[in-house]
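Listed next as structure tokens is one chain, alone, in the form predicted on its own.
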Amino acid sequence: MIHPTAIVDTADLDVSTNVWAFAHILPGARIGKNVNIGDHVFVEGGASIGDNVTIKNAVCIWEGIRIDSDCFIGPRVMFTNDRNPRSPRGTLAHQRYADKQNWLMSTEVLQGCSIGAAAVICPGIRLGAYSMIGAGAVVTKDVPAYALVVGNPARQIGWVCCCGERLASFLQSDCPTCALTASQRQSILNT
């Protein structure tokens, strides 16, 4: 389903994906299967979104951002892809922007990661599988798999299970909600 007010310029969109009102997807963006793209989402060419991803309203996903399968991107999450941004139209910065290798930084959101509302994801980092980024966090460095991070700058305050439940510890705790064991969580990372 593509809402009549959405603009979808990419050819790489599966019929199982929903694109809601006023979303705009540029040519060259790759969108997986069974994705839900909320109102006012912008996806730039060169961005990649895996299968079974939920992207809530007002999210901007720029070139160089790769979101793996099963991720949740909360409302108003902001990704960035340039550590030292300047206007490419400026006389002194024009040369820097002549080649993407001079400025474009890739960001990876690995399988099952959840990013809370209004979090800011700085460029060139990796959010580990099944990690949980708290609402409003400003993430400035890599986040380990299953880590729970909050704040500005984001800091790790604990661990979460694949189901999202907070854990007492990563390696010793079985999940009280879904009963997944620590060794099962570890084996999911190895697949």
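Residue indices: 1-based, along the sequence shown. In this text, all values refer to a predicted model and were calculated from it rather than measured experimentally.
Below: the form predicted together with a further copy of the same chain, not depicted.
- Each of 3, 87 and 136 is positioned with at least one heavy atom within 4.5 Å of a further copy of the same chain in the predicted bound form.
- Within this chain, residue 189 is remote from the site of a further copy of the same chain in the predicted bound form, having no heavy atom within 4.5 Å.
- Taking non-hydrogen atoms only, residue 132 approaches a further copy of the same chain to within 4.5 angstroms in the predicted bound form.
- Using a 4.5 angstroms threshold between heavy atoms, residue 160 counts as touching a further copy of the same chain in the predicted bound form.
- a further copy of the same chain in the predicted bound form comes within 4.5 Å of no heavy atom belonging to residue 127.
- Counting a residue when any of its non-hydrogen atoms is within 4.5 Å of a further copy of the same chain in the predicted bound form, the hits in 84 to 118 run 84, 85, 86, 87, 88, 89, 90, 91, 92, 93, 96, 112, 113, 114, 117, 118.
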